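Take a look at this one chain, the form predicted on its own, written out in structure tokens.
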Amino acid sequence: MKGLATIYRRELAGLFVAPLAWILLSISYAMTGWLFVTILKDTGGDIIASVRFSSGESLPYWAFMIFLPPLLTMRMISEESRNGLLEFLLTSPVSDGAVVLGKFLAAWTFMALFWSSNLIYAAALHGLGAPPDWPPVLGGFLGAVLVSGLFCSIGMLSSSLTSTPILAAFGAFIGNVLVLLLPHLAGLFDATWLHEEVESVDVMSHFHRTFLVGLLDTKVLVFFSAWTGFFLFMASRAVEAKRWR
């Protein structure tokens, strides 16, 4: 896509120029380290339990997963649309898909760095002579990156539908919550077929049954890739609609 690399570098540099990115990374590393050490002490040195708890079996983990992508993506399109910069960008020789994908990749890269703290702590333990079970560690990181990509794509779609960043963040947050709570909402209805269909799109179940135990299921990879691509496609169509207004 024409202009993709330029958009990506511009957005990534914009994220790390602002102090918010460094504050969030510091919070991430501090939170993950505290959870890791706390569970390590409480379990008498159970490294596997510590990795699982800090990689998906704790409330702070999923709170960051739900809240952070909307905060990263809320301004990427809506702010430029409000300030008139999006019109200028769309009149340049850059495709709509490149605009959306470049901004998405910048947010996704930040999220990958955000979740890399577990890899650092696991490597530190390995260097100290207590090697962890690496498949769950790497699987947890891959799962976090894929779930973050899905939520960032929802954030991009929300940001492309409004010119108000706060509204974009709120819409993305609601979307993320609905995606996670979909199986519980389906439980309110007495329909077996509905439960079976919802089970196939249960994000948290896919995460815990595959990545967090160190398994690599191609069906789960396709699931996350397909839904992320769908939301990015819808976001690019929304940006295209702005071009022709």
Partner chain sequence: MALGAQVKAPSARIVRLRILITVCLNLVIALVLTGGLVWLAGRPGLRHRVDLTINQENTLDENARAIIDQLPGPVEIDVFFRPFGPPLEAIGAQIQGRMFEILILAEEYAPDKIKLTNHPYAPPGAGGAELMAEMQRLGISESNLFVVSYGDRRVAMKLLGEVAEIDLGNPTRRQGAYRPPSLVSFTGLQSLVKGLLRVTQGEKPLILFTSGQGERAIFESEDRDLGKLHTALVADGFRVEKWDPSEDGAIPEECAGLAIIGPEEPFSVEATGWIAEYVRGGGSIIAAPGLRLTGGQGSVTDILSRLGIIVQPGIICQPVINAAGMPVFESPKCAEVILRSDGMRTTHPITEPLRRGDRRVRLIFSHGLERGTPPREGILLDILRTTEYTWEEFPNEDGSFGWRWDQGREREGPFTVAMTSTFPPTVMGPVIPGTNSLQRECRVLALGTPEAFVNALFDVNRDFLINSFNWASEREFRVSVSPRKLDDRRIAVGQDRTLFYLNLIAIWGLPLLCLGLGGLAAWRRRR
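Numbering follows the first chain given and starts at 1. Please read all numbers here as calculations on a predicted model, not as lab measurements.
Below: the form predicted together with the partner chain, not depicted.
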**Asked** Is Leu40 close to the partner chain in the model of the complex, meaning a heavy atom pair under 4.5 Å apart or at it?
**Response** yes
**Message:** Leu128 versus the partner chain, in the model of the complex: is there a non-hydrogen atom within 4.5 Å?
**Reply:** yes
**Message:** Since only the chain is shown here, I'm wondering whether Ile48 would be in contact with the partner chain in the model of the complex (any heavy atom pair within 4.5 Å).
**Reply:** yes
**Message:** Quick check on Phe173: any heavy atom within 4.5 Å of the partner chain in the model of the complex?
**Reply:** no
**Item:** Sequence-ordered residues of 123-137 touching the partner chain in the model of the complex, heavy atom within 4.5 Å
**Value:** Ala124, Leu125, Leu128, Ala130, Pro131, Pro132, Asp133, Pro135, Pro136
